[in-house]
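Here we start with a single chain on its own, the form predicted on its own, put down as structure tokens.
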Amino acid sequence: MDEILSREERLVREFRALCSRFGYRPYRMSKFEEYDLYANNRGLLPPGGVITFTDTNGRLMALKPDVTLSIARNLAPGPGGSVRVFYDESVYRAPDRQLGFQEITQAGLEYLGEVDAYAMGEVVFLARESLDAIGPGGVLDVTHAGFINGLIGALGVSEAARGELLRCVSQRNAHGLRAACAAAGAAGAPVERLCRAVSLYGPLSENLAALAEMSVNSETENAVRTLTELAAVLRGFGALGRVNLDAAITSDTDYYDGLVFKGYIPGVPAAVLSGGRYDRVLERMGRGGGAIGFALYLNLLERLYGREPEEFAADVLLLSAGAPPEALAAAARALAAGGGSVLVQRAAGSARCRRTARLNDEGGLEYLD
């Protein structure tokens, strides 16, 4: 059976099995939602616009550009409980305006409810295991958005200046960061501390002490505490390897307000996995509670594997020319019942199959290759 699955299908099957083993359940959703969901949450969406259309009842609808917003809107845990779901869905975005809208395939999971240290660590563990399902050598980079935000807050700069500082952080541009700080009136040790944090990268367990030494306020202390708890849970899972601290991780949207992580695979220049805490999303929808999740961008894996060779149409091409239909039916049923696949047609044509056969004069199967 594995032979006739595409690489993407095999990965999704492994991902579904992995999530199921930890109590997550499949979730299916419509391809579209009411446009108001996205219009009211533009700051949470990646750039590129939304495809809209008018429904038969006059409502303005949109092809979904995002999965998490739909889940956050439609699912809610009961008192003291949690919602654990996984999905494989398509979203419709224009990540490159010159290329226009694209259908982007994602697989991911979401946890809604009280996000304690274990729940946080479990989701990050499943993210790391998902990278392993893609191939060897995957690395998960983690940080806490509060650490850099706390260091920038300690500079005492204006809100307008924060945007430029965060842009420099995301680019790991120490020179630009110093120039932006100087333009905002910040100088001295706090600026150097921020630059050191941006350059901090390496195994999570080995860099927590350095992160703690740079902590300056309650926001950065909370970030260090959260990352320390995460490391402890991952150690319990036996999954601290290939989990790195990268203090300069930023998000393309306003989703994440705590733990943030991204996954990389050798051979693919962009992150193939992205996730984090998104309590702010629930707050904007008038709901409390915590939320954490991640998405795998399956369309990027084509860069890793290249285009797959043309699939076989079937295991056996059964030529039907001149054969009695009843005998063909019996032979086709026997081939399919044996676990293989069969394509019955008069001549080979352009069909590509593993083997070719026909019925002999006695009605038996005769292979031609």
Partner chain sequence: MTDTLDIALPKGRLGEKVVKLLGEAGMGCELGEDSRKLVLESGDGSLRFFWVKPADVPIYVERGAADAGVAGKDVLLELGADVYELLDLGLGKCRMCVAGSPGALERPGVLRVATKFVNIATRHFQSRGRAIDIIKLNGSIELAPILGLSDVIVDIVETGTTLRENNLAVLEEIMPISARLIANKAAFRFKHEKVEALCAALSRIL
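Numbering follows the first chain given and starts at 1. In this text, all values refer to a predicted model and were calculated from it rather than measured experimentally.
The following text describes the form predicted in complex with the partner chain, which does not appear among the structures shown.
Report whether the minimum heavy atom distance between Asp246 and the partner chain in the model of the complex is within 4.5 Å. The answer is yes: Asp246 has a heavy atom within 4.5 Å of the partner chain.
Mark Gln171 yes when one of its heavy atoms lies within 4.5 Å of a heavy atom of the partner chain in the model of the complex, and no otherwise. The answer is yes: Gln171 has a heavy atom within 4.5 Å of the partner chain.
May I ask you to state whether Val260 is within 4.5 Å of the partner chain in the model of the complex, using heavy atom distances? No, no contact at 4.5 Å.
In the model of the complex, Gly163 touching the partner chain (heavy atom, 4.5 Å): Output for Gly163 is no: heavy atoms all beyond 4.5 Å of the partner chain.
Since the chain is shown here on its own, which stretch among 187-195, 106-114, 146-154, 173-181 would lie within 4.5 Å of the partner chain in the model of the complex, judged by heavy atoms? Among the listed stretches, the partner-contacting one is 173-181.
Contact assignment for the partner chain in the model of the complex, among Ile265, Val91, Ile71, Ala295, heavy atom within 4.5 Å: It is Ile265 that has a heavy atom within 4.5 Å of the partner.
Just give me the single entry in Met285, Val139, Met214, Val83 that has a non-hydrogen atom within 4.5 angstroms of the partner chain in the model of the complex. Only one listed residue qualifies here, and that residue is Val139.
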